[in-house]
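Given next, in structure tokens, is a single chain: the form predicted alone.
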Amino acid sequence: MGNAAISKTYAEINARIKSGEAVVVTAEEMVDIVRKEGPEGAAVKVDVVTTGTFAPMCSSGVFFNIGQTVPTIKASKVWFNKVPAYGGIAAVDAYLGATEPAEDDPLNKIYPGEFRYGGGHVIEDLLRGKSVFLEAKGYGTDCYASRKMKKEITLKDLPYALLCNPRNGYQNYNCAVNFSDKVVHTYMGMLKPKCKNANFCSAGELSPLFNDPLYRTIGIGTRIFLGGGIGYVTWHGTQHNPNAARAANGTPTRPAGTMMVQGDLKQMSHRWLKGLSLLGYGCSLAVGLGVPIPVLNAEIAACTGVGDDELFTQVVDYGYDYTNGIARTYGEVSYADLKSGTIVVNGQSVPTAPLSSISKAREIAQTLKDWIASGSFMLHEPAMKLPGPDS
């Protein structure tokens, strides 16, 4: 990793950003810099490395305040375009999950278990400026006498809308195959029988947590690109597993860390929050997420300089093993191999496809780079870092 003789602070880096002197590069650019200059040389030269990812992130949703009626209502049940939201919070507050399907989805009536519209689509529709049909029901009390509310609303009509995602930015994920004799439909996409295709879902060397594998810079209060606007890391996400197996360079070789993130939905864009329908699985939301990594020392420079050929994941069978809790791997593959379009599994050449958009991840990293270079985006030192290995 190199020694830590080079040392910078957030205040020093922010001062350089403010004065227009900061050197900001994307994670892809940093790989070449570290290989050419070494970690210490890169730490001297570079101040901030920007990352990006754009992929399905099922654990996402929005806290809404839907506004009061006259007379007032305690909305215990809430729907947006027939998609149920959770109303058990207070009065007219509700949480809409990205994977919740519409109750009257016409596709589900024809093909049970299939959904084409859900919470993620409601979020995208609101960001597009479309009207959404809001329904609410209450049980009636002395201070909340109304029992029903029905109205068309837009995002502008809502007093409050907070994108709050319990688990985003997975630090590595499985490469999915299917060794069974039939097609299986999963959150990793459609998998052909007898290992005829392999799907993966990570931006590799651009992915945020791959660039800070031991969580030296990311934690509560880290300022990020979220959905086209500005958001924050609010804690580690659900299923955060910092003790997953790791390579010598510190990067996990299996699914590991996650982030809980949030930001003002009204600042965001439908370009970076897209409702999805995955055949045979259900609804989700594609989320654009980017995290700046301050190059505080040579160790962090080395971490941000790890390339796709040094990042590895496991090949996992989703035809039987995954659903039956069998922790078995059919080999370890690099992201360089996955991005090449073909990997070898059990001696068989298998075509690969990403669920994560590399081109959009690259665009997010570049956008974040531009924001920082222009002085419009400052770094926030975390109040507490994400829990690391054995913490």
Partner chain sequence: MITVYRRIYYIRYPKEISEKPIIYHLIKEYDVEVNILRANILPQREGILIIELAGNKANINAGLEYLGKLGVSSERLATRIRRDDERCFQCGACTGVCPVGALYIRREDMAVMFDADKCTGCNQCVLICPVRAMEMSLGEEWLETSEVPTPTPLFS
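These numbers were taken from a predicted model, which means no experiment stands behind them. Numbering follows the first chain given and starts at 1.
If you look for the form predicted in complex with the partner chain, you will not find it shown, but the lines that follow are about it.
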**OP:** Consider the chain as shown here, without its partner, and state which of Leu279, Ala91, Ala145, Cys164 has a heavy atom within 4.5 Å of the partner chain in the predicted bound form.
**Re:** Leu279
Original post:
Which one, Val306, Ile293, Val132, Ala286, lies within 4.5 Å of the partner chain in the predicted bound form by heavy atoms?
Top reply: Ala286
Original post:
in the predicted bound form, which of 37 to 45, 350 to 358, 321 to 329, 66 to 74 comes within 4.5 Å of the partner chain (heavy atoms)?
Top reply: 350 to 358
Original post:
Would Asp105 sit within 4.5 Å of the partner chain in the predicted bound form, counting heavy atoms only?
Top reply: no
Subject >> Contact test in the predicted bound form: Lys192 vs the partner chain, heavy atoms, 4.5 Å >> reply: yes
Original post:
Does the 4.5 Å heavy atom contact test between Lys151 and the partner chain in the predicted bound form come out positive?
Top reply: no
Original post:
Looking at the partner-bound form in the predicted bound form, is Gly275 within 4.5 Å of the partner chain by any heavy atom?
Top reply: yes
Original post:
If you check in the predicted bound form, do Arg116, Glu124 and His270 all have a non-hydrogen atom within 4.5 Å of the partner chain?
Top reply: yes
